[in-house]
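Presented below, as structure tokens, is a lone chain in the form predicted on its own.
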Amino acid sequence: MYIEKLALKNYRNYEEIYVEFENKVNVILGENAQGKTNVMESIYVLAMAKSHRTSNDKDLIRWDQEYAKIEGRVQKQHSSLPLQLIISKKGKKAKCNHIEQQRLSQYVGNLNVVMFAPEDLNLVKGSPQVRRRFIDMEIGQVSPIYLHDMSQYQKILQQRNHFLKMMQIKKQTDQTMLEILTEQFIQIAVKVVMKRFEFLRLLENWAKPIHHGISRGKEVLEITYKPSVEVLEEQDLSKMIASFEEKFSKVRTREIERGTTLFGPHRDDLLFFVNGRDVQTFGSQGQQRTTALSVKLAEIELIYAEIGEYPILLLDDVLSELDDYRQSHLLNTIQGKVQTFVTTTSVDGIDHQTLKEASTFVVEAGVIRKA
């Protein structure tokens, strides 16, 4: 798949732009703070209905405007699909093929993207929250059911936390109600955990040989899901539910004292091991970067395996963060098969055929033009 056209209105520092892209590498050149990353972000938001940079949608709307609009035409193997997303202070409206989508979970997945930005190096060394967000965003692209389950999970978690808070301050004493909320919570939590196990196994299968190649055969990568409730990947649904029930019966008093849900998918983590050692704690910066790059390249292949089309790759100011060898590996991997967007202040020093054949655009003060 590839994006053929992109139109922005009142988006970040763009008043109104329309641009056509080719199904190859598109380099977006410009000085800092001119709007390069905003173009990348708009493609990501068009795909995911949320930003990778902010959780506040109002940040996406141009100063003093009521709404922002992103429109794109996506070419797939068998169809051409117009997409539209309008972001206003009241919320978001998404259209696919000119038809408004009732739920964003129905909309996400029409356009698939893999974003690689300098902050993605935090995937390995950042907080568990960064890794959970990564898991949720990536599974959501290929599984609308997971998006729906996560939405339900967040609602029940909120309700349960509110009830525990009421019990903490003695405004509630109804143990039966807590049991009902806990049961509902466990039913949806185990679905989320099982899907994460399944996804991360697939991701590891793709990432392992890629990492082995980038490390010139010296390193073996393992990806491990670390649930906060002691469950195993091979457990069936009933055993997993039993493990959750046992955990929550043990921590009930502590949860009431603290007024919050102490265990569940919102507290889980993801570990990366290279040659049996935890990369976050013991890995060199080079190993951490190779791990992040391997995972991103694995995502591309995993999405292709799941949906039969390659996603769009967004490389936001990341080439300068990689050494020549990793740069070449990345560019060789995508050459000729993935529509790619690269933002950079300069292509000087990047000597690769892929960039020599690229379309180049220049961004200056919220205006984009073909070079």
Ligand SMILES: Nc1ncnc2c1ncn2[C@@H]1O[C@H](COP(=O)(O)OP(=O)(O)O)[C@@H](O)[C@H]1O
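The first residue of the shown sequence is 1; numbering continues from there. Keep in mind that this is a model prediction, so the values were computed, not measured.
Beyond the structure shown, there is the form predicted together with this ligand, which is absent from this document and is the topic of what follows.
- Not one of K296, S320 and Y325 is positioned with any heavy atom within 4.5 Å of this ligand in the model of the complex.
- Figure note: of the listed segments 24 to 32, 305 to 313, 42 to 50, 330 to 338, the one touching this ligand in the model of the complex, with heavy atoms no more than 4.5 Å away, is 24 to 32.
- The closest non-hydrogen atom of N13 lies within 4.5 Å of this ligand in the model of the complex.
- Proximity of K69 to this ligand in the model of the complex falls outside the 4.5 Å heavy atom cutoff.
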